[in-house]
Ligand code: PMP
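Have a look below at one chain only, the form predicted on its own, in structure tokens format.
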């Protein structure tokens, strides 16, 4: 069953905006898009006086190769956030439909649903049970008006990996809701991507990003991977030129062979540092618990998170305070840095000088 049957009918029927670059026609002299005929001067000349490709072919091919899929199943946008927003707009009717997600998890699912006017249903995860997912209990939140179920895996901020349950979850949601798997941190996990499941599940979409493992957070390059009908629907309602030219260039540079080799080395370093930092934190008297993580961060519960946050900040180290979120009292999320930066975290928490 195509997921378009669960999408907004008026958007399925929508004829997309016919931008100048959608025609697929090129010529030596371009006078079709009301652009300036002058590029920047001198060092500023970057050919940015022209509109970019709506979906740069070369980048789409490279991302498809990286994610073991086909270019037709890839839509590229401004980070994962834009894909989240477009999926919500494509499938959810304001005031009627609902979205299900985990709690705690990435906050943009709730914000995006609220902006779209969709009800947000949070499935509470138990910190004492290592944030394990009870799929039957989660499915109890799903009804006829559920259009999307978001599963961040590894989850942010807990670091929990749910990939072993995704196949069964997608099967249970078949014909009912689109399962959107956010794999922003999958490079740091010992698990294959869920993209391999798309052949078996028409209701599965995967979100990927170059922000984390590839070091391009400032370039804002993300991808939605799904069946062709879902990708086509998202492209139909997206802005005509999602990716700026400099972002495309940065992404292509990050995906050449040498850059990918460096990225693999850096991922290995971060994974080693994650485990080293975890062991060091567990040994501290001020730390109550450090959860296992499959991301490039650790969720840590302190005896006094406010005091720990202050000690770190006094040493020039900024971490993320999640204490206000339900079930995360006294919890800080610490991103994994360079070895010397991780050493500085331990030194700040112990009051030692190095």
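Residue numbers count along the first chain shown, from 1. None of the values given here were measured: they were computed from a predicted structure.
Although it is not shown, the form predicted together with the named molecule is what the next lines describe.
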Name the stretch: of 227-235, 93-101, 257-265, 183-191, exactly one has residues whose heavy atoms fall within 4.5 Å of the named molecule in the predicted complex. 183-191
My question is simply whether residue 109 lines the interface with the named molecule in the predicted complex - judged by any non-hydrogen atom within 4.5 Å. yes
Though only this chain appears here, would residue 209 touch the named molecule in the predicted complex if you measure heavy atom gaps against 4.5 Å? yes
Considering non-hydrogen atoms and a 4.5 Å limit, does the named molecule approach residue 76 in the predicted complex? no
With the cut-off set at 4.5 Å between non-hydrogen atoms, does residue 280 touch the named molecule in the predicted complex? no
Which residue, 116, 248, 195, 156, is the contact with the named molecule in the predicted complex, using a 4.5 Å heavy atom cutoff? 156
Quick check on this chain: which one of 220, 89, 121, 163 has a heavy atom within 4.5 Å of the named molecule in the predicted complex? 220
When the named molecule is considered in the predicted complex, the residues of 127-144 having a heavy atom within 4.5 Å of it are none
